[in-house]
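Just the one chain here, the form predicted on its own, laid out as structure tokens.
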């Protein structure tokens, strides 16, 4: 009988092979139907009316003019008069009309009277936040004061990163359609199996009763979520309510400005850090006071220092600042990029003061990371240094070479969990030899559909093309939301179990024809054969024909808790950056990024590499460009668009090199998620590289030219080669 465990290295036909994603051609040719592409018969278009103020009380709402406008079919109030709105962009009402233009015109015609209230949108430190702050408990380990007394070298600095948005290219939204008492929703969501209940609860609160079994969520493909699309959202419920009132399907996708104001943001974190070490580089103490905002509501409690959590004497304190901005949502590796930036920047500054090559410094202090991760980090740092040619290129702070272009290197270390979520899978083998698997999962564009097909095909000894993967439908067996790098672990485990159990039923049917017991059979190369004797075999289709008229359907589960020999959790990774900085303009250019990553058993190196490339590109974006800018006077977001909310383009990312830690010692751990970890380190590695290049720390990201030039003003003229200042001198002479 077939075993549910992963086949050993050398016995795998597909796992570990580079397989092109199954839906690549469908997406690249435009045949894939995203939520934006769904157009139902008689469909209306929905638009939202939201608050123009950061904080106000709604005095009255008059929709009479809007309701009389051409094409308007339904209006749904989302906040009653007398209630407060707490940020610009908070949804007040929704309406549906025959065309988008009519809906937009009607939204403008809604008259709302506000009583403006005091707002606070500053990303401010505790001493300036006043009543808007909540101090969290101070965490102390060892004796920090004594640790600093023992330190022979100390470094102090302030570091941080602002609020950024998810900026999903496919905005949040859905198409809702009722058929009697059944609700069907095409949603751009990371949580196909999970949002039905939220819709049921939201509709019930509005007076519409519908059982969860009557709600179907469909997400055949979706275009970006990054942690912001787990919920049904207020607009999802409102869309379903509008469709119910109008008796017609309604499509409501967020406009770009609303997407950036209200559909999710990564919290800011800033920190004042002091860190100490012996002259040989051994860390002795850490102290940090951090603060940050996620808008209204909690934004997580950073655990500083990051990765180096076993420094013997450490003290950390965090203050949460509440602001009248859109609420925070999980952003790819929640809190980790921020904690990583602060920790790795502070440690590299200390290494520079010693002075010491940061590569040697980090290697020396690996005893202060989680013990089970130390050897992985050591191997990764050594490999990364080889790929970057670190020892050849690295120099102490401040590039003294002639000319205005200064080059530098920086590095960073990160960690993540990545254990699989709960998942259920059904596998059906039919008498005609066709195979289908069914999971209520979703593919965010990362290749989940392809990975499922590979696991099923590997188990059944078939080519990937012989397996039909059915996902993106809440009517399929439930599977967890795609977040926390949990998807591949969950769906691969449930798929492996379901296909193995279906195969074992087939082997039991075929065994008599081959004159052996089922435990002597295996599936390989499109046949069912006697293990060790491939001459005794029958073709897959012939084997399936012995089922008669009855198909086999078997289920497999990945339990939400408890040991699971198919998957694991907990990974480590490092990244190194090489940058070129123009000290005359302050422009930072990425020359090279190296990512070395552990993620257990890699099912598809091609899609896994793609995950890391995507994470590194996002990292360049938040390191150099991204920031949600708020006007403290008006409380409004200044850049809710894709003109002034800057993202990295293909010419900005430089040469990217990816290396997986695989083979003995890694593959045995089973499948571990990969989506989050490689997005954590780019900001820290790039920031450290810029500091190495120009000889000064740019304290906060994004590393925009004005910040770089401001940091350069603190660098003594003697630290830069005179020829780098020639343009300034020539300009003065002219």
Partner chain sequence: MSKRKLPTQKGLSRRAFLKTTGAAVSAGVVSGAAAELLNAQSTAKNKVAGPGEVPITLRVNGETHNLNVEPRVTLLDALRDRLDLTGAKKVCDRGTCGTCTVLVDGKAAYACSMLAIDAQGREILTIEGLAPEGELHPISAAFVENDAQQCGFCTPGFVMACKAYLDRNPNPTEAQAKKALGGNLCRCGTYIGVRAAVLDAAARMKGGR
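Being a predicted model, the structure only gives us computed values, none of them experimental. Numbering follows the first chain given and starts at 1.
In what follows, reference is made to the form predicted together with the partner chain, a form of this protein that is not presented.
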Do residue 549 and the partner chain share at least one heavy atom pair within 4.5 Å in the model of the complex? no
Does the partner chain come within 4.5 Å of any heavy atom of residue 88 in the model of the complex? no
Should residue 104 be counted as a contact of the partner chain in the model of the complex, where contact means heavy atoms within 4.5 Å? yes
So in the model of the complex, is the partner chain close enough to residue 68 to count as touching (4.5 Å, heavy atoms)? no
Answer option from 607, 287, 376, 268, heavy atom within 4.5 Å of the partner chain in the model of the complex: 607
Answer option from 364, 272, 317, 166, heavy atom within 4.5 Å of the partner chain in the model of the complex: 166
Which among 622 to 630, 549 to 557, 74 to 82, 389 to 397 is in contact with the partner chain in the model of the complex, heavy atoms within 4.5 angstroms? 622 to 630
Within 30 to 54, which residues have a heavy atom closer than or equal to 4.5 Å from the partner chain in the model of the complex? 30, 31, 32, 33, 34, 36, 37, 39, 45
